[in-house]
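Below, in structure tokens: the form predicted alone, a single chain.
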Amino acid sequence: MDIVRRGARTLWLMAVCAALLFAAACGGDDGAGDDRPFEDNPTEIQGVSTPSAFPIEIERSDGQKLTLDGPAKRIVSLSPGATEIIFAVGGEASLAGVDKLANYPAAAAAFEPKVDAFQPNVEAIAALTPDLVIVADNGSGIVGNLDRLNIPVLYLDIDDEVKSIDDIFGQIGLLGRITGTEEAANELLVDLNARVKAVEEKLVGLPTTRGPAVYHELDSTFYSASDGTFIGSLYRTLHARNIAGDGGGVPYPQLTQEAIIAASPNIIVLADEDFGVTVESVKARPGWSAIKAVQEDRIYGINADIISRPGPRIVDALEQLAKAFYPNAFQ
């Protein structure tokens, strides 16, 4: 969702449907990662809030304060993730416009009017008479442009504010408040938390203390996701070692083929199949036959929407990865 930073741009460009290639993985050794025990780490009910009165004050990513005197009635969402959340909590009646990449659920794909978050037109947005605009990246300077028109902006930068599954849950709770659908948001959060807990409980019961090393591919030029992203948090939850590590401080770093081959991950996850990358094409890359994941046929494709978009379906991604990584535990 980052318009200027290459890695987050990749996330938005991949916010389209990609075929799932999760084949049944063979049992046996899940591969050696770094030594870390599967510790029992109970999940609290994240994001759930108690009904509270307006006005509410929210600190934006630029340090400015947003004050809302009541639920928003005309929201322009420049974030496909926020749009998906609003539909999930039943707040779609509050939408006045959505980003052109919003494609889930079907009602979001069909929603009109659409706006362009890559090159936002402030006049076109203002013409929709919003009482709130949701912004996940300010690379275009849209926040300042809207501020000058006195249009309320909820600016929560995807890289700074959404670094974990819990952060996504927090945004679900927040958007529930903003759209006046707190009860539905809380019900959704109880369900999502329970599903995450179910995954964690099965990991605790595994007989091994070694997790797999994983390479997550965002595109064919080897952009990946670091530990400090919500994608990286999925791998932490699954006790897997992300070979991108901290990305050198970059949320979505570009790795080199040499580094990937040298790391020899046990598992490769492809979030770029919609751009023609396939399991077979990865196996055919020069030098990649030396990688454990290629040798052991542990390359999995995943829908870019569910893993690259901070919305409720991130738990779908977690569950699918868990089944692929640990097939014996998730029968």
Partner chain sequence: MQIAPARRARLAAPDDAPPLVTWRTQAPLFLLAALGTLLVALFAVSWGTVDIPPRTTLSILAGHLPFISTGEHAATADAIIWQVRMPRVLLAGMVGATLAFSGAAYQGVFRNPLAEPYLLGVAAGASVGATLMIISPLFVVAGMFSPVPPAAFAGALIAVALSYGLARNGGSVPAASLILAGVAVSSIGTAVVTYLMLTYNERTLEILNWILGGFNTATWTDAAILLPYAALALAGIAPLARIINVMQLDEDEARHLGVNVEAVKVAVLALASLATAAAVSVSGIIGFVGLIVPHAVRMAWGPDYRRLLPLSALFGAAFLILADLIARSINPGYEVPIGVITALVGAPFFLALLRRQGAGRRPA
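Positions refer to the first chain, counted from 1. Given the structure is predicted, the values throughout are model-derived calculations rather than measurements.
Only in words, not in the display: the form predicted in complex with the partner chain, which the text now covers.
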property	result
Interface stretch in the model of the complex with the partner chain - options 113 to 121, 141 to 149, 163 to 171, 78 to 86, non-hydrogen atom within 4.5 Å	113 to 121
Output flag, 257, 287 and 290 jointly within 4.5 Å of the partner chain in the model of the complex, heavy atom basis	yes
In the model of the complex, residue 67 touching the partner chain (heavy atom, 4.5 Å)	no
Proximity of residue 244 to the partner chain in the model of the complex, heavy atoms at 4.5 Å	yes
In the model of the complex, residue 101 touching the partner chain (heavy atom, 4.5 Å)	yes
In the model of the complex, residue 205 touching the partner chain (heavy atom, 4.5 Å)	no
Option touching the partner chain, based on a heavy atom within 4.5 Å in the model of the complex, out of 200, 159, 182, 219	219
Stretch 304 to 329: residues contacting the partner chain in the model of the complex, 4.5 Å heavy atom cut-off	none
